[in-house]
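Take a look at this single chain in structure tokens; it is the form predicted alone.
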């Protein structure tokens, strides 16, 4: 119980720390100590971890935000961006779903495009933290398991430490995961620390990870890192994704499918 509480406090502190860095561009350790009510050693340890994830850059006496953070559109707007490409990617992704399988669908707009294509698959278990995916499948079809947690209204997903009890008890055959940004150096990134926390859990709870991202996400960096592209077993994208990125991923053992 104490470990869970400590983890929740650490995630909350991380979220506040990142928000201050993003708002101020450069913040000092002494200011973070005062604002967050923890020791300088704790702040420096947090900054070290966050720098390793590519979410900020440490400077003398403090930290600064990384450049070129990618903002997240409203969810309904996201579904309209590269809509044709997302549908083609979703169709290719559904080809990996076999009868009797258990799969995880996260809250990305490309993942959401998969949901209507699964409605007739009754011999399937779908685990999701997405209210939009759950709404698509609530009327019938696969067995549906909804992961509880804190509601992130912007993405209509359940996120944060409260998702851990359910996800740590599950093991799925395939996790279909989306991303806001995909960059070979900074990795897979999203805009919200709570969402990143849940995505990191998902990456550990699947036998196979399939990453879905259209070309508009590639070469971009958002606010917080949740994983590396090479953690995916399969990457499905559209034909406009830069070839050099695809070549690097292939060399790292990722199966690349373009549609």
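For clarity, every value in this text was computed on a predicted model and none was experimentally measured. Numbering follows the first chain given and starts at 1.
Below, we turn to the form predicted together with another copy of the chain, even though it does not appear here.
Proximity of residue 60 to another copy of the chain in the predicted complex falls within the 4.5 Å heavy atom cutoff.
Mapping the unseen interface onto this chain, residue 64 counts among the residues with a heavy atom inside 4.5 Å of another copy of the chain in the predicted complex. At a distance threshold of 4.5 angstroms between non-hydrogen atoms, residue 173 is out of contact with another copy of the chain in the predicted complex. At least one heavy atom of residue 136 is located within 4.5 Å of another copy of the chain in the predicted complex. Figure note: of the listed segments 151-159, 87-95, 102-110, 182-190, the one touching another copy of the chain in the predicted complex, with heavy atoms no more than 4.5 Å away, is 151-159. For the options 28, 233, 220, 200, the residue carrying a heavy atom within 4.5 angstroms of another copy of the chain in the predicted complex is 28.
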